[in-house]
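So this first bit is one chain, no partners, the form predicted alone, shown in structure tokens.
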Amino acid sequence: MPFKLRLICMRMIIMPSIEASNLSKHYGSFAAVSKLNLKIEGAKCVGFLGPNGAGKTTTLKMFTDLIRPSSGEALINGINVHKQKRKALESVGTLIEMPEIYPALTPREALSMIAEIRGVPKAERKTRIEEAVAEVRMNEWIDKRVGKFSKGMKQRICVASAILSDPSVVLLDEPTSGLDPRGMSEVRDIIKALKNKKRLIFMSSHLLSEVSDVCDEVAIIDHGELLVYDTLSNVTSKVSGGESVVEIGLRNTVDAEQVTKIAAKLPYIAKAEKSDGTTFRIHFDGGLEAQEKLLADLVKMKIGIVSYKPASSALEGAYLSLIKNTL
């Protein structure tokens, strides 16, 4: 069976999943990760949040067998990574920390080496490389020397290497770290596009706005321990005592008077406030059901909605509240 067809069949049979079961890593008396229990299933993007030193990278390295756990298990698609490494990782793409590409190579040459190492059949390598490069929007640079690339362009090629074998699970460790605003925006847009390929994306970050913009769910870790795992709206709602905040983006600019008029038509919301030129925030009580009703009512108003997401400020409040409680 051809390589790509085999991967498609695997996806039809297995819902992508990752699971940490009592996963721990100790360095002497120091616990980098402590009895972590986390199970994520389905095609979605999950943000892995926590302060520096919280255990995010250590966890990702245990999921890829770069680090052996002191105890517990790391499972990918139900397979123990440390006992059946090749089988567990054959449907996984990873970008851990900041790998470098030899500057004298072109993306085609670098990805050809990676494709060979990962066992992509020789007859399919050219197609897979070109598809992966197209996904990260680097087609016109595929035969240029990497040494001439900006940091953001190099990072996009690194993302291409992670999706080269068309994985069902993608693990990303702070993929926009060290990039300028334009580079960060480009990589975030690529990650959003990856979600459309029915993949499970687990992405560590310490940028709350990034997680709010890209992710569907969030897991927050501190001192090696899981504090919460849920949808973005449920996390912010739980910590704020039931109040949720969403940010609505419109096609055209909006002023305070317009926001007031919109709020007047929705008596069940607590507060509405202008955010910037084309966005405003709405505070309301409840979780996903209330959020669904709010979106439906806003769409009926035909006000030109182009985006609807949990506000980054709401996630920031939840994050700081949870982290503060562990100090």
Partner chain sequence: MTETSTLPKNKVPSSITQVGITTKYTFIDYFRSRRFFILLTITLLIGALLTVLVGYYQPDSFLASELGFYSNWWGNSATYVIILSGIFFGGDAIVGEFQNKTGYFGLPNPIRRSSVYIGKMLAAFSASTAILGIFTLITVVNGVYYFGLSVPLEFAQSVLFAWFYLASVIGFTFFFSSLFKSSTMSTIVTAILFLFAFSLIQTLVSTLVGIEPWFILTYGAQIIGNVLTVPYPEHKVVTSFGGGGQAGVNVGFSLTTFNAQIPVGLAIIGIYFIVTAVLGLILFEIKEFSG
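Every value quoted in this text rests on a predicted model; they were computed, and no experiment measured them. Numbering follows the first chain given and starts at 1.
What comes next is about the form predicted in complex with its partner chain, which does not appear here.
Proximity to its partner chain in the predicted bound form, defined as a heavy atom within 4.5 Å, holds among Thr278, Gln258, Asn37, Thr64 only for Thr64.
Interface residue among Val228, Leu105, Leu250, Leu207, judged by heavy atoms within 4.5 Å of its partner chain in the predicted bound form: Leu105. Picking from 220-228, 122-130, 250-258, 176-184 the stretch near its partner chain in the predicted bound form, with a 4.5 Å limit on heavy atoms, gives 122-130.
When its partner chain is considered in the predicted bound form, Pro99 lines it closely, a heavy atom lying within 4.5 Å.
At a distance threshold of 4.5 angstroms between non-hydrogen atoms, Glu135 is out of contact with its partner chain in the predicted bound form. Using a 4.5 angstroms threshold between heavy atoms, Glu140 stays clear of its partner chain in the predicted bound form. Mapping the unseen interface onto this chain, Ala43 counts among the residues with a heavy atom inside 4.5 Å of its partner chain in the predicted bound form. The candidate spot formed by Leu89, Ser165 and Lys198 lies fully in contact with its partner chain in the predicted bound form, as each residue has a heavy atom within 4.5 Å of it.
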